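For reference, the chain that follows is the form predicted alone, supplied as structure tokens.
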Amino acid sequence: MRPFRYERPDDPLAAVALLADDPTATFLGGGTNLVDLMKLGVARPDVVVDVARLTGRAVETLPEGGVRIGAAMPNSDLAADPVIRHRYPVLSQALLAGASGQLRNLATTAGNLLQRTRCVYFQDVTTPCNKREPGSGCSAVDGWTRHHAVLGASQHCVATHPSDMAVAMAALDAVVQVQGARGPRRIPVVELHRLPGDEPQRDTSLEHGDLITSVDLPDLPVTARSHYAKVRDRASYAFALVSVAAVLDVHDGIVGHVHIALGGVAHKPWRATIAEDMLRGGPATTDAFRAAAVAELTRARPLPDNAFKVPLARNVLVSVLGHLTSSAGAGR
């Protein structure tokens, strides 16, 4: 590991100022992703700014009925929080499906959102990677692509976003609170992450020095249920081949509120807006769920090793929506 300077500022504004003054600086939360990338030589910061103690580590109820999650709240604590488990089970389920218990004890809410892809070519500094070195090429395009994107990819990058939590937050319409050099602002999670386009090195819409301070979840309809399902190569400590987060509200057999996000299929959590639009106001039936899933996935462009992801995503989506429709014990 190359030498770097470690800073531990006293408040968020001081942390933002440190990064604003140094393009080589980076924030450190729980370190479960950054430290690994530094060991691999992928991340090479000259300055590491510790922000783990500068933002909240709890869930608080907002006056309008939603909740605010502190950016430094550990994933284990967030998954176990009674409010989250009762009102937003999809989020708790997604968190528990990710990483291991030890990692969840360290990983933070903001860090989870901002973790970088686990593409094997991105993590191998001996191979070309546009995300790591813009313009060098994408080794994955003609390489091993089992875990790569089938939606929203480009010729410059076919990597997928690794977070389970971010998929659930996309389905929940979460909003990220950010403190930047130009002041605070709000960014919907669905706008936080980017598709690769011709700038795959840019994972998010954040500017250098932007610090996530909290994440807000809106209130859900009282009768809405939510669920997260993940398919992976082994039972634990594996990233999603395909995952689905869904929030569904059905009255008299008709779909009302419906939000769906897919994981393991794109460079960002993929909000399934085509499927949502088809389902909203229509019958909550298996045939309708299947038709919506098929329509959503018509844009898929699978690679040689991952064509299986298209029918897998379709089937998991239909299964999750069926579970939410039929299971009285599915939670809120």
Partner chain sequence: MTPGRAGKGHGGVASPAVGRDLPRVDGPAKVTGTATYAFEHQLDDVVHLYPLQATVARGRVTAVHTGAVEAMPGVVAVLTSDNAPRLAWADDAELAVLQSDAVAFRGQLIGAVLAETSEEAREAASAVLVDYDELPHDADFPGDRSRLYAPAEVSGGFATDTDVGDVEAALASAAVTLDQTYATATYHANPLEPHSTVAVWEDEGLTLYESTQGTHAVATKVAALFGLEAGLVRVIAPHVGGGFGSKGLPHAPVVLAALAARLVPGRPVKLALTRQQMFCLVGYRTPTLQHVRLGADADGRLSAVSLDVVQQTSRIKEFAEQTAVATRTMYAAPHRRTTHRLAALDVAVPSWMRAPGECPGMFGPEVALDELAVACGLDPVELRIRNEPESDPQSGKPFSSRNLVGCLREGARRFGWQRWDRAPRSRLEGGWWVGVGVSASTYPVHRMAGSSATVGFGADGRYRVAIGAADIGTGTWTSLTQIAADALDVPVERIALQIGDSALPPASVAGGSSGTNSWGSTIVEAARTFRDKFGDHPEDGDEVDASMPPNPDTERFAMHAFGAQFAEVRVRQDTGEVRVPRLLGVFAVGRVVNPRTARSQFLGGMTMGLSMALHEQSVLDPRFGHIVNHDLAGYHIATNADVGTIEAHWLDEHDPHVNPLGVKGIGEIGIVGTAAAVANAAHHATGTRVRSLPLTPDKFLL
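All values reported here derive from a predicted model rather than from experimental measurement. Numbering follows the first chain given and starts at 1.
One more form of this protein should be noted, the form predicted together with its partner chain, which is absent from this view; the next part is about it.
A heavy atom within 4.5 Å of its partner chain in the predicted bound form is found for exactly one of V120, A181, I187, A79: V120. With the partner omitted here, the residue from L206, V231, V83, L195 that has a non-hydrogen atom within 4.5 angstroms of its partner chain in the predicted bound form is V231. The stretch from 38 to 46, 60 to 68, 294 to 302, 263 to 271 that comes within 4.5 Å of its partner chain in the predicted bound form, counting heavy atoms only, is 38 to 46. At the 4.5 Å threshold, heavy atoms of P311 reach its partner chain in the predicted bound form. Proximity of L151 to its partner chain in the predicted bound form falls outside the 4.5 Å heavy atom cutoff.
Although the partner is absent here, S139 lies within 4.5 Å of its partner chain in the predicted bound form, judged by heavy atoms.
The closest non-hydrogen atom of P89 lies beyond 4.5 Å of its partner chain in the predicted bound form.
No residue in the set T24, Q93 and A224 has a non-hydrogen atom no more than 4.5 Å from its partner chain in the predicted bound form. Heavy atoms closer than or equal to 4.5 Å to its partner chain in the predicted bound form belong, across 121 to 135, to the residues Y121, Q123, D124, T126, T127, P128, ordered by sequence position.
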